[in-house]
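Just the one chain here, the form predicted on its own, laid out as structure tokens.
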Amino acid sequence: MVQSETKLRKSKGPHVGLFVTCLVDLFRPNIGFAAVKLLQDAGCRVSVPAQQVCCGQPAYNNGDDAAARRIAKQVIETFADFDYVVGPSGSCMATLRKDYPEMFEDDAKWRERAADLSARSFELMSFLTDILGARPMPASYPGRVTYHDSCSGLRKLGIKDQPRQLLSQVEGLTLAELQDSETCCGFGGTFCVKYPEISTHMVSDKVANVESAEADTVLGGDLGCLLNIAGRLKRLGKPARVFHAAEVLAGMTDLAAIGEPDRKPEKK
């Protein structure tokens, strides 16, 4: 996913550093490209610094504070000179906004730097609506979709209405609210590894609610949740497709959905 700034369209707007996230970089770069398009369409100048690393959340949540602080320092250094830092993940951006200042409570220098980064860091849907007041470029997605609210984005960053506001502008899209949309899907980072039986039960409930909504597509703002939901849908043989909301908003859904095999080019 990482690109030099020279390959990205120039703009006189705010200079945004895109925090790609590990999962997007490794499993779904299309989300990163969609985020770049949405930000550029909103008038931002976008860079994707090659020095960025994991946000450090796995280490922090599992008690490895020393490793988490080392990672956080690199992230703080990497994104020091941007007007804003934006990422397509409520989970990762909540780490930058909420956890980084707490990591350095006993270190005045780094606490100040962490607080500075926190104030400039936003999840993509929140940034587009709350900061830029942006209207996405015209997109279309003919289908009945439902939306899963991820835990970190919802509870730590207050992301609820923002994606719905943006999706309401997509031509042909009908939003069917998901029963228990605010209930965890069972991913929870290492939670699904430590407690697989509980996680499977939770995501199975989520899939049942998708069926009840009669939705042909599931959207969300965190790839971890979407991978989990897509995986369970496929294992149960359910037809609903899964995309990150940014892909729909950017009109970039012409590739295989999350959890589906890559499409082979048609023979001529």
Partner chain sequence: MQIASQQFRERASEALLDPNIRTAFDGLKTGFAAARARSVAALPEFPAMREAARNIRTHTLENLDLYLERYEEAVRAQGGHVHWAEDAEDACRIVRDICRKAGAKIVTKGKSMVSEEIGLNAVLEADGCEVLETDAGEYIVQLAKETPSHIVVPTVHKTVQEISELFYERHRAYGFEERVTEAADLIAQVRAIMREKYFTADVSLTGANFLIAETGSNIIVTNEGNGDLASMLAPVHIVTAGIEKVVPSLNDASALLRMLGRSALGMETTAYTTFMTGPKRAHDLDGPEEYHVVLIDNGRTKMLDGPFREMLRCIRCGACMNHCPVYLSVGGHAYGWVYPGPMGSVLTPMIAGLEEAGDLPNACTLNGRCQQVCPVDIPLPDLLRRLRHERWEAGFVKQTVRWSLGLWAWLATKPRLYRSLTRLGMAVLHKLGGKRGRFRRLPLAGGWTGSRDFPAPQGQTFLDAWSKGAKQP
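Predicted, not measured: the structure shown is a model, and the values here were computed from it. Residue numbers count along the first chain shown, from 1.
Heads up, the form predicted together with its partner chain isn't pictured, but that's what we're talking about next.
The candidate spot formed by P14, R113 and I131 is out of contact with its partner chain in the model of the complex: none of the three has a heavy atom within 4.5 Å. Contact with its partner chain, judged by heavy atoms within 4.5 Å in the model of the complex, is confined among 165-173, 116-124, 80-88, 150-158 to 150-158. The shortest heavy atom separation between I258 and its partner chain in the model of the complex is within 4.5 Å. In the model of the complex, at least one heavy atom of L26 sits within 4.5 Å of a heavy atom of its partner chain. At the 4.5 Å threshold, heavy atoms of A59 reach its partner chain in the model of the complex. Of the heavy atoms in G220, none are within 4.5 Å of its partner chain in the model of the complex. Annotation for 75-102: the only interface residue with its partner chain in the model of the complex is E102 [heavy atom within 4.5 Å].
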